[in-house]
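We begin with a single chain expressed as structure tokens, specifically the form predicted on its own.
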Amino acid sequence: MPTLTVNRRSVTVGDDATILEACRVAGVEVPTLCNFDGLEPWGGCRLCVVDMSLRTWDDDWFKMVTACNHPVEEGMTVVTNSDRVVATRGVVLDLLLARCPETPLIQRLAREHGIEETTYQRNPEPTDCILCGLCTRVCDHIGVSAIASVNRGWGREIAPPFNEPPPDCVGCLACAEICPTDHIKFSTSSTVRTIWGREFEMLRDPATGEAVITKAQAEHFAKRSGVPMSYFEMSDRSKRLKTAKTFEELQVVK
């Protein structure tokens, strides 16, 4: 288990830990927009940059890296608030504020770094999409891959193929729920859910009539996991009641 120094605080972490995880153990906050504990690190937003140095390097030799996907090493020194780190984060947030000038999350992070107004030209068509990639990565992670990053440069966006209702989408809402800015819109009723221009039939609990998940989502996970469809038709409350009843009927073996 390697021991390293984060802002002059000594911490010991697991062998496969990242610098970001070491910072958290040390109680040092490092901002990030594209990191999520359930997904592989990506290093896309560049907001979690830190300065790091190895004990075999010269004392004044530091390298700037993304903390979320850089592994720790024994004797490593990490500085999260050096002048160039703070300046780099400021540039990232300045650019994001130009792209998303009306997004509360970006406004807050920018203010925390002393930026009230962007120094770049504001996006004439403001968006809440910060291109963090969380939505596409979680969609890939669950084996659906209904949306992706398309185009390049200023025209880059997250979209389904040909900007048409995605045929592979199952209406699970994973993309919308993981989005840090609530950019992905959807609606859900007791019978229908709409997202990405598609409508999905909702499965309803046979016992309570409560809407549970979409039929397409249940079919996807039933096929992938081998769990029968009937399991997905039950709400969490019904599952708990069924489990409680099962325990009541169990006979205690003495």
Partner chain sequence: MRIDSAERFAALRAEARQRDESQPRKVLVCCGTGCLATGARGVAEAFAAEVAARGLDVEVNLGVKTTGCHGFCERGPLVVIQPEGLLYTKVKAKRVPEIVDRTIVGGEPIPGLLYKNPANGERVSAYHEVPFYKHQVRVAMRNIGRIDPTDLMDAIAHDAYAGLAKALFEMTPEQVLDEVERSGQRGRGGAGFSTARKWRSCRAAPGERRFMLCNGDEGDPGAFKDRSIMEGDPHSVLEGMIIGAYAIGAHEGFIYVRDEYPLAVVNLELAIAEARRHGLLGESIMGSAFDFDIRISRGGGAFVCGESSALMRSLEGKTGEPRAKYVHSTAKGLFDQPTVLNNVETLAGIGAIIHHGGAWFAAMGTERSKGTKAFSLVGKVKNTGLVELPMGTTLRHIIFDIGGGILNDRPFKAVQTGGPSGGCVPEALLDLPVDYEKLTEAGSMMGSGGMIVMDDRTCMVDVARYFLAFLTEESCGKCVPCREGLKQMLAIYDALVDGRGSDGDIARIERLAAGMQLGSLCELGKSAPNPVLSTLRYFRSEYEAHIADRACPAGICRALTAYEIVPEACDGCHACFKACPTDAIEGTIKELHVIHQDACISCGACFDVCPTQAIRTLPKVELASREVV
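Everything numeric in this text was worked out from a predicted model, so none of it was measured. Numbering follows the first chain given and starts at 1.
The same protein has a further form, the form predicted in complex with the partner chain, not shown here; the description that follows concerns it.
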(request) Could you work out which of V28, V65, A211, A216 is the residue within 4.5 angstroms of the partner chain in the predicted complex, going by heavy atoms? (result) V65
(request) Scan M76, A98, A176, L109 and let me know which has any heavy atom within 4.5 Å of the partner chain in the predicted complex. (result) A98
(message) Residues H183, T191 and R237 are flagged as a possible site; in the predicted complex, is every one of them within 4.5 Å of the partner chain by some non-hydrogen atom?
(response) no
(request) From the candidate stretches 196 to 204, 183 to 191, 224 to 232, 35 to 43, select the single one in contact with the partner chain in the predicted complex, where contact means a heavy atom within 4.5 Å. (result) 35 to 43
(message) Would you classify D94 as touching the partner chain in the predicted complex, given a 4.5 Å non-hydrogen atom cut-off?
(response) yes
(message) Within 4.5 Å, heavy atoms only: does G90 come near the partner chain in the predicted complex?
(response) yes
(request) May I ask you to check whether N69 falls inside a 4.5 Å heavy atom distance of the partner chain in the predicted complex? (result) yes
(message) Whether I130 contacts the partner chain in the predicted complex should be assessed with a 4.5 Å heavy atom distance threshold; does it?
(response) yes
(message) Heavy atom within 4.5 Å of the partner chain in the predicted complex: which residues of 118 to 132 meet that condition, in order?
(response) T119, Y120, Q121, I130, L131
